[in-house]
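Below you will find one chain, with nothing else, as structure tokens; this is the form predicted on its own, and questions on how it binds or moves follow later.
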């Protein structure tokens, strides 16, 4: 059974296929209006969401299917009364495809061990593959290509977004610079770094982690940042993290280090005055709402691709 658990598992060709499918769905929605007729998606939510829930549910509805919202906080699994294995084996008897937005990546892997229908990682603490696929779609739409572009990521880098960028960008021929504070709590996980280094060396693109924000952004085609206050970070850490990540805030001066036609990404939610200033996220280089919209088109594409691979849809 083919799943989407992490982009480390997907080839460049598979990533390109997803982008092409998402762009087709976006350009010709009427062609896919009944593509998932009488198909059912179970949306498992352990973490709260705006974009993930709406994009999957709207996408399923627009293709003629049905989505079920399953909140683990009100379920036997969330209460510890039923195992992940029993929950997933039961769930797969009712639905055609499952997406899960969870705290622990290990729990997603446990789900995959027992899933008999396709499983999509809609976010874990380690990986956020659907987001990065939508980001790559957005970049390709605005830049016309991926190969040869330089993407600079700034800020908290020990997170799922950075790890997924590491798994995807070098593989797609993109130069990737990470600008973040030193230390294991702020730098990407070693496994993600190792994967990016191997892909960069194999393909011949530049990859580096630097603690100098200007160096990371210099001549970048794409500047990307994410929240300094991820879901797992206690609110009382805000002042401390503002001080630690302050040098990596994307403001107008830092954006000027990038190419004049550089675009700005943030996967949202965003806090103006924290990871970026209002002049950047609300400015002419920002494409964050194109990026948010493309979540829906990419999620449609992923469901189509995985259901076809499972033999549930015609090839």
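Residue numbers count along the first chain shown, from 1. Small disclaimer: the values here were computed from a predicted structure and weren't measured.
From this point on, the text means the form predicted in complex with a small molecule, which you will not see here.
Let me know the one among 68, 278, 33, 268 whose heavy atoms come within 4.5 Å of the small molecule in the model of the complex, would you? Of the listed residues, the single hit is 268.
Which residue, 123, 99, 139, 152, has a heavy atom that falls within 4.5 Å of the small molecule in the model of the complex? Selected option: 123.
When the small molecule is placed as it is in the model of the complex, which of 143-151, 79-87, 204-212, 159-167 ends up with heavy atoms within 4.5 Å of it? Going by heavy atoms within 4.5 Å, the stretch is 159-167.
Is every one of 8, 14 and 171 within 4.5 Å of the small molecule in the model of the complex, counting heavy atoms? Judged in the model of the complex, none of 8, 14 and 171 sits within 4.5 Å of the small molecule.
Does the small molecule come within 4.5 Å of any heavy atom of residue 230 in the model of the complex? It does: once the small molecule is placed as it appears in the model of the complex, residue 230 has a heavy atom within 4.5 Å of it.
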